[in-house]
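In the form predicted on its own, a lone chain appears below as structure tokens.
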């Protein structure tokens, strides 16, 4: 079985071919430019590949409501050219196969459930901290959708007592993404995160904001596992700082061994590494085939 997978990120697109076991056999990546530049590259890659389905995990916000006139669109993104763009429809015009369609972070959490750090779990969370911050939620054995889809990167956050940074989110200013995404680190400190030393104040502050969001999520959704990915989380010193801050925030209130004694196994890096998003898109493609069969 040959399944196409697209991780449509705000910074880069990754396209690949894989199988039902989650193995990626081929992939390419290229920067996310204007749709007129980017989408022909996507189409060219899949031409002649004879895929049976294509799964797409896309940066958002996106419309995932079946029956909506804008189903398959990227909606209110500030990224030039992509607002109200029919990403899914553009591909459907070329490839007559089933499509899976969801956010990039929902795809990532789905990949981790299928083949990664959250295998066998019915409730887990994936947060990517990079150019933006996104949250994928898998609860009671399914991906969470509703009014739209989770937008946990834009939750309001308690301000660090030593931080007077205004925040960079064009919609909310000092929401989680506005305070803790990669561009916020650079705007606050004048350097990209990977240019800062491990003992820089930036990392304690970063852990403060991420841990605050995780604490709220633990209390609200009670996930069995929290997975942190994205470029900012490539700084290994962040994980122990975040775990300790979450433990302090909860202050013994949540009586679970995962939090009290095994935090290093509870808040973790992706089991699929940098392939979580692409593998998750692959899983969405597989589900699209299953859904088509079950509806016949």
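What you are looking at is a predicted structure, and each value in this text was computed from that prediction instead of being measured. Residue numbers count along the first chain shown, from 1.
One more form of this protein should be noted, the form predicted in complex with a further copy of the same chain, which is absent from this view; the next part is about it.
Taking 4.5 Å between heavy atoms as the contact cutoff, choose which of 217, 131, 86, 77 touches a further copy of the same chain in the predicted complex.
-> Filtering the options by heavy-atom distance leaves 217.
Given that a further copy of the same chain is left out here, which of 259, 269, 39, 51 has a heavy atom within 4.5 Å of it in the predicted complex?
-> Result of the distance check: 259.
Partner-facing stretch of 182 to 190, 147 to 155, 90 to 98, 196 to 204, counted where any non-hydrogen atom is within 4.5 angstroms of a further copy of the same chain in the predicted complex = That would be stretch 147 to 155.
Even though a further copy of the same chain is not shown here, does residue 163 get within 4.5 Å of it in the predicted complex, heavy atoms only?
-> No, residue 163 is distant from the partner.
Close approach of residue 172 to a further copy of the same chain in the predicted complex, 4.5 Å, heavy atom | Yes, contact at 4.5 Å.
For residue 249, is any heavy atom within 4.5 Å of a further copy of the same chain in the predicted complex, or not?
-> Heavy-atom contact with a further copy of the same chain at 4.5 Å: present for residue 249.
Look up in the predicted complex whether residue 168 has a non-hydrogen atom within 4.5 angstroms of a further copy of the same chain, and give yes or no.
-> Residue 168: no contact with a further copy of the same chain in the predicted complex.
Taking a further copy of the same chain in the predicted complex, which residues of 131 to 145 have any heavy atom within 4.5 Å of it?
-> Result: 135, 137, 139, 140, 142, 143, 144, 145.
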